[in-house]
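Next come structure tokens for two forms of one protein chain, structure 1 first, structure 2 second.
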Structure 1
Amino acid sequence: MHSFGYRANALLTFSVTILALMCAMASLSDNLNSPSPTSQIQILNINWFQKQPHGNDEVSLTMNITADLQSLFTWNTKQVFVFVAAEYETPKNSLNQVSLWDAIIPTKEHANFWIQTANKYRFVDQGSNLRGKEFNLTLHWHVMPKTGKMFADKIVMSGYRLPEEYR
């Protein structure tokens, strides 16, 4: 007969193998999900648009953010990190990204939301490149699963423009 230690080792090895197989299946099952999130961002007001004393442009916005991210949630989703970024071009850089707002969505029930907010983080350009500038607002998300790899995507909303003059 086999000893107790040998039997315990065989049982533990079998259990870990089954757990690894279940984790792999859970990770692969997320590939079958085809999410279709929607979002809309409306700029309600430009609270201020000013040149800082050291020459940088700064903007404060009030926005309506509406999003339905429920399709991102599966049984394997732990949480979703979502943020809004302003994206624009300058002569020095082809892509500038400034994070304006972020949140962690813990459950599917919280994934359909509407919020009116001022930008949570400062919208500052290093230079005076924002006057009359066209920019995009982009809703980015990162899905954090219970097991498997994270994935990220975004929705780009274009057609926004800053004023020509400081306020």
Structure 2
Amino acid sequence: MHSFGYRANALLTFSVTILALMCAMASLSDNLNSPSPTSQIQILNINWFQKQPHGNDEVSLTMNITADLQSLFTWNTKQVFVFVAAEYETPKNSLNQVSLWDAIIPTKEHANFWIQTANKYRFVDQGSNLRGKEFNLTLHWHVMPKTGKMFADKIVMSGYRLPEEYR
């Protein structure tokens, strides 16, 4: 019971167990954080709004996105992935979520930001339902930890509406 092999094995098992325990504690410490992020999104302009040759509506818009996500960062935070999605309902689809813009926030200092941008990804419907369509803009964040559980949440902003006519 005192050979090198047995002792090396015992040491290795113990170290891996401690490592796993430390990772678990680091991850659990994230639950102590109660984040209070804020955000506002303004649609500055509808750049164009057309029915594409394949029959689906597409719209290009410019938005002003402000957010303060500093309270999401803990010492166990590697980075935060943030994105803005348009959410709406159509007769065929109970839910449509279309990501319009996203970014990776590497540190807390970058987490209080303001950006004016056109949609990064194409806002295309399945069909031709977007004229006069009311939709929500949701700001989602996904916190990637250095170790442990990822968590995500969102802020829903409602009251947006697309034009009645193509332009």
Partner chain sequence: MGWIGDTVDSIKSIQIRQLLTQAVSLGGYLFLHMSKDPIRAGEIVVFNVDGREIPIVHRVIKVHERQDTGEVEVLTKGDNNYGDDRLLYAQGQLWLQRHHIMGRAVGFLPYVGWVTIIMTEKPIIKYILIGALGLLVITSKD
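Residue indices: 1-based, along structure 1. All values derive from a computational prediction rather than experimental measurement. For the two forms, the rigid core is made up of the largest set of C-alpha atoms that agree within 1.5 Å on superposition.
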Exercise. Pick one: which is the form predicted together with the partner chain?
Worked result: 2
Exercise. Rigid core fitted, is the C-alpha displacement of Arg7 between structure 1 and structure 2 2 Å or more?
Worked result: yes
Exercise. Superposing on the rigid core, does the Cα of Thr17 end up 2 Å or more away between structure 1 and structure 2?
Worked result: yes
